[in-house]
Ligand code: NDP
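The chain below stands alone and is given in structure tokens; this is the form predicted alone.
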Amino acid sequence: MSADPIHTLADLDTWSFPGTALAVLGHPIKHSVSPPMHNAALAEMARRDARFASWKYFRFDIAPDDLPVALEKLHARNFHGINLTVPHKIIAFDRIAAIDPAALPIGAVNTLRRTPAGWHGYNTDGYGLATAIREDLGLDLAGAHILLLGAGGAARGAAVECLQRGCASLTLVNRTRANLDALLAQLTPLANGIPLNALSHSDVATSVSEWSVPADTLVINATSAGLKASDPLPVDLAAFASRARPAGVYDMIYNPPETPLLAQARALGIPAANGLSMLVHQGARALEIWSDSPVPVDAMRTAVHSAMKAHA
């Protein structure tokens, strides 16, 4: 990662890059493996199309309060595309010129493309999630019973994707009831008859024993529980295994690669996968939006795995 320096807002005052610049903004950003992932793809793309030889992807540590100014300066410096990660996806939503219709119900954007009038925002996280679950677990969101853990920005994007793809049912689980109710209110107009349920974390064990959990339920973790080894489980899978074994468990966290939730799933014999493929596929979709060109997903995947090994 030493080849990918961390830039700051101050660097934009004297920024000079002769090619087409792309960037990821986050706070913190040190952990990001997006630069090696995208630059590997661009190197591969340049082999078949010389115009991509001048494209490069950078990373910037931008504090939340500085995001509006950063977006203005990035536009003025002719950056062609931007990725947004925590905590900027929701902050940017009301601060850009246009939003892709598919991102409107999510209320968050993770991909920006430059236009003369300003930034045009997209959200590729849902595509990344659906593609990764199909690739890693052989499951489709369409027709699936979903148990979604969390009620923050990541959960909101996942929930909208599940509903838009026609899941069979969607059950939300979160520790804080107020956040859970707020998300439920936002999703209800999008459900179009799909059954929506909401459980506070303390109700899960009791509800599982009383509620007929479909045997093919897909569990998706969209919380941060698992980033640290000391984090409690976002849900106890053992409560399900005795009644109805889930079809699979997908944890959006990819670092560490094995969270306590994934370890429990594997111990119970439940198919499970971390969020690395989601990272790759949401990034690939973003690069397609910027480049209007096919993207080498395999090159991105290889670069991500190499970067993760370097971090280990």
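This is a predicted model, so every value here is computed, not measured. So that there is no doubt, residue numbering starts at 1 and follows the sequence shown.
Another form, the form predicted in complex with the named molecule, is not on view; read the next lines as being about it.
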Contact residue in the predicted complex, chosen from 131, 224, 186, 169 - any heavy atom within 4.5 Å of the named molecule: 224
In the predicted complex, the one of 77, 175, 120, 95 near the named molecule [non-hydrogen atom within 4.5 angstroms]: 175
Three-residue site 143, 214 and 272 fully in contact with the named molecule in the predicted complex at 4.5 Å by heavy atom: no
Partner-proximal stretch of 66-74, 48-56, 35-43, 247-255 relative to the named molecule in the predicted complex, 4.5 angstroms, heavy atom: 247-255
Interface membership of residue 138, the named molecule in the predicted complex, 4.5 Å heavy atom rule: no
Contact flag, residue 81 vs the named molecule in the predicted complex, heavy atom cut 4.5 Å: no
Close approach of residue 278 to the named molecule in the predicted complex, 4.5 Å, heavy atom: yes
Interface membership of residue 232, the named molecule in the predicted complex, 4.5 Å heavy atom rule: yes
Contact set, 134-160 vs the named molecule in the predicted complex - heavy atom within 4.5 angstroms: 150, 151, 152, 153, 154, 155
